[in-house]
Each structure stands twice: as C-alpha cells, then as structure tokens.
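The chain that follows stands alone, in the form predicted on its own, written as structure tokens.
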C-alpha cells in the first residue's frame, strides 16, 4: 500500500469544500508562494533534530534508527513525532533552520481512512490538500477509491501543477478539484511562487470543460501581482466555457501564519475586494465569495 507524509487531519472543516468535510493535509509542495499560509507544509524534514529542544510537551524526540547499508547496519538519528503529546504550538517549525516540519506522520491510505471513518455520520466527504496533494498520486488514488467505496465525496485542493487531463484513473475517483490560480501572467506567477503557470492555466481550462472544477481560489496581494487582471482573465475563461456556477473564492491576504519575511505585505482593502467581485459577476459568474 502506498504511504504519504501527512501533516495533519482536520476532522471537521467547513472551508475545504461544500458541506462539512474531513480535510487531509499532505506534506511537500513544488511552489514556494511568498504569502503561503501553510508554510510548514512546503519542505520535508531532514531529521537534523534542531527542533527537539524547543518541543516543551516532548512530542518530538531524537531516536536511533537502524538502516541497512549493503551488509552492515549503521545507526542514524531520526526525529520521532508523538501526536498524543502535541499541543500544536508550531515552535518546532518556527525554529527549524530548513523551514520544514517534523510534526508529520507516515500513513497508508487505510490508516487515514480509519480516522475518516470516525467522522462518517457527520461529513459529506473528504478533501485532500497540502502542501500539494498530487505529489502523492498513488496514495491519492488509494485513499479516494476507499472513500468513494464508502459513499463519501472526494475533492482535491491543488496548486494546478499536476496534469489532471493525463490521469483518467485518478479523475475517475475525484469528484472535483479546488484549483488555486495564483496569478495570470507567467512573469508574475514566477515572482509569487517561483514556478511557471502554464500547467495551472491548462488545468483551469480542462477541469472547467470536464465538469471537474469545484472552486477557483485567488489570494489577493495587490503589491505582488495584477489581481484585477487575474480575476478578469479567470472569469472570462470560465464564462467562455459556460462554467458559470463554479465557485470563485477571492481570498484576502492576511499576515497571520505566514513566514516572518512576508508579514509586511499589505492586505487589500474591502473596497478593492468588492471591485474584484464586481469584475467576476460582470462576466456572469454566479457564486463569487470573499473570505
């Protein structure tokens, strides 16, 4: 069975897709967004152990791990995480010299489903997020197949760096994708994320045409990119494809939870956000919300 590095599982979420859902956050991301509100999910822990001394509850410990190298055993240290002792204070991440989080678990799809099953009477489905969930494709396929078999809805929250059109097997067990469109122009997208957006825009068009686009998200940071252009172009594309009922979530940048060096970015005004809503509604989009 495929495993994934799981950052956290939120039993009940009302902001990760329609209805009440269990949200599973996987570790690792190919984008490095300046305004990322989950920066602890970007990098993988290298087990340097620097975080351990800052973990007051003792949820993190440095333990010996036996590793077989050729015909001999060598010992190396590894950070062990005990979720039962964790108080989720984020001190480990704040003091990590590599910008990673040791507060993760290696879980199979079945192990994740055991936690999801406890919530079944109270949820509509599951949403798998990150980081970037598609880095764990085989795990996703197993987990979503298990969820579908038990009557749960399945959504992916993605930055759009995975070619969904080339994976019909995964799409068959995915009800929809919540797609981030960080910036419309290639140059601005590079500045915001460090990566090109050609695949993102191809996904936007394909998912909309295939009826798999549940939601589009744009985080509004006026000093980083042309937010009006992004909202205008996304709305025009959706309108041109007749995809007027997909939710467009216009997200106000907030300096909470972001890395220290990006806290000085200026949040947009309510007036500016409402102008962006007007742009989207002007193209006929019927479900535009500001959060």
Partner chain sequence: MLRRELRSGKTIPAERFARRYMENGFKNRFLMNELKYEVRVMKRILTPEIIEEKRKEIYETIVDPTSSHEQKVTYLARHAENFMTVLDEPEELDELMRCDIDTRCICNLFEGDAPYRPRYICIDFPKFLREGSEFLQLGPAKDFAEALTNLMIMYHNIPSITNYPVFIGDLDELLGPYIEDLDDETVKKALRLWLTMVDRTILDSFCHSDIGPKASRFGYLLMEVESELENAVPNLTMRVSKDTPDDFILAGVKCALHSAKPSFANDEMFRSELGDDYCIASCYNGLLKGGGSYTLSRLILSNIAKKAEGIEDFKTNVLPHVCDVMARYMDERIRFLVEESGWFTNSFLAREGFVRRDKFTAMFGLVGLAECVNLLLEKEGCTERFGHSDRANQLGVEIMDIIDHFNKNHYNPYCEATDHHFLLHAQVGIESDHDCSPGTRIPIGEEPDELVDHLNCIKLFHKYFPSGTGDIFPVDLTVHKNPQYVLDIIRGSLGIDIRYLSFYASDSDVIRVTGYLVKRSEMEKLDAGQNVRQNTTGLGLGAAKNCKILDRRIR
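Keep in mind it's a predicted model, so treat the numbers as computed, not measured. Numbering follows the first chain given and starts at 1.
Below, we turn to the form predicted together with its partner chain, even though it does not appear here.
Listed stretches are 168-176, 184-192, 112-120, 152-160; the contact stretch with its partner chain in the predicted bound form is 112-120, by a heavy atom cutoff of 4.5 Å. Contact annotation: residue 281 falls outside 4.5 Å of its partner chain in the predicted bound form, judged by heavy atom distances.
By the criterion of a heavy atom within 4.5 Å, residue 289 is counted among the residues contacting its partner chain in the predicted bound form. When its partner chain is considered in the predicted bound form, residue 247 lines it closely, a heavy atom lying within 4.5 Å. Heavy atoms of residue 267 never reach within 4.5 Å of its partner chain in the predicted bound form, leaving it off the interface. A heavy atom within 4.5 Å of its partner chain in the predicted bound form is found for one listed residue only; from 124, 80, 77, 85, this is 124.
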